[in-house]
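One chain follows as structure tokens, the form predicted on its own.
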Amino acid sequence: MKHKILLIEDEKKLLRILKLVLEENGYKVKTAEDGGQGIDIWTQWKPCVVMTDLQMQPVGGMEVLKFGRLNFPEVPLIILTAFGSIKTAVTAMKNGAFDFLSKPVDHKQLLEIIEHALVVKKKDPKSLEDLIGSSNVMELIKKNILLFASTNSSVLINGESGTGKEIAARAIHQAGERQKGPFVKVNCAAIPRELIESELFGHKKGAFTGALQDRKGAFRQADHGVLFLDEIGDLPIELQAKLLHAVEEKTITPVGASSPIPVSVKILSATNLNLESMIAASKFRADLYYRLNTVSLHMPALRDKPADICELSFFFIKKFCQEFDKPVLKITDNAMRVLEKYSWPGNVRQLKNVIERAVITCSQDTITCDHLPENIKHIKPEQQLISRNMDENIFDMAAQEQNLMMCALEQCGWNQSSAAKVLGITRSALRYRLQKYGIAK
């Protein structure tokens, strides 16, 4: 079955060329010369991928993007833009566009982006359900996870402790072709140095004192699946050469064995250390680093994505209320403001623990500031300075946020689910903000 591509472009010559290129490569193509016509075709024809120019009259590419996010959020949209409109294209990316292509269009790059878009579209969204957050940075992470899952390339996941590196690794496994294979985790920091070689590569009976029987090891356990090497920066330097050989040659030799054994594994690794600094200090091999870091994924600190704190809080409240067999609790505006102002040195893991404690200790139907730990309720002086600086501009920020919500609600006929999709947040996050500002139809 041919994939359907919709092209929206007001330059007729370019439109004909792109249509010809795509049809020659097996795609079924329909074209439109302005955004309004494109939206009509999109509604009736249901394409797999949409490509649109930005500057068109009377309906431009940003209007097409808004229509797609509201009505067909699962369909990747690619922006076509002239060099002078790159800034606008980047804005479109932040608002949900899949990617952009600069004119004149490189045909090879065009086909590669279309292929990637189709790979992302066919992935099961359930693989991302544990990655909570609708901020721009989280949407980019989800998009990259789906892309990285479509290859056998090694992925290095970095970020501070508690940012969700293991959750991202499991999402890559679930979204990829190896999802039916095993997911095996090895914590390189938690295993004694003298045992980690056996843990990774296995051993033969009698290879050393205590080796009473053969052991497979993590590589063989993960065969045809995914091997997740957590805290890879703590792997002893003397074992890094053997790991490099296993990754390059796709074979392992158990301790005490004489013959190599072939294995097929996708390697994911994670660290909160700066491996490049460790390389400079001769504590980590550069050749292993480049092998593990074919592509990299950075998990941001919670303080760098404050827009997700509200959504994460609601998610954890619901999760722990179900776990402790309680009705779903509410949370006061003051308590939520405290959570949003705190710097979260322990990141998402710390927020999860704080919400769990609040749910356990709350005996009413609403979580208040009294249910939060003292160190969070009473922010340190340097954090108070940051909060005070934010408060100086709070009216401008609040006014902008209210204006955005009103525009989205009016555009969507006050349908909160549709407005939340337009704003790139969850319905619960929108509902909280409506209550916060006292906005009603």
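Just so it is clear, the structure is predicted and the values come from calculations on it, not from any experiment. So that there is no doubt, residue numbering starts at 1 and follows the sequence shown.
One more form of this protein exists, namely the form predicted together with a small molecule; it is left out here, but the text below deals with it.
Residues of just one listed stretch (171-179, 232-240, 254-262, 344-352) have heavy atoms within 4.5 Å of the small molecule in the model of the complex: 344-352. Out of the listed residues 132, 278, 301, 369, 132 is the one that sits within 4.5 Å of the small molecule in the model of the complex by at least one heavy atom. Note on the partner interface in the model of the complex: the residue among 91, 294, 221, 272 having a heavy atom within 4.5 angstroms of the small molecule is 272.
Contact annotation: residue 202 falls outside 4.5 Å of the small molecule in the model of the complex, judged by heavy atom distances. The small molecule is not drawn, but in the model of the complex it has no heavy atom within 4.5 Å of residue 289. Using a 4.5 Å cutoff between non-hydrogen atoms, residue 164 counts as a contact of the small molecule in the model of the complex. The small molecule is not shown here, but in the model of the complex it comes within 4.5 Å of a heavy atom of residue 312.
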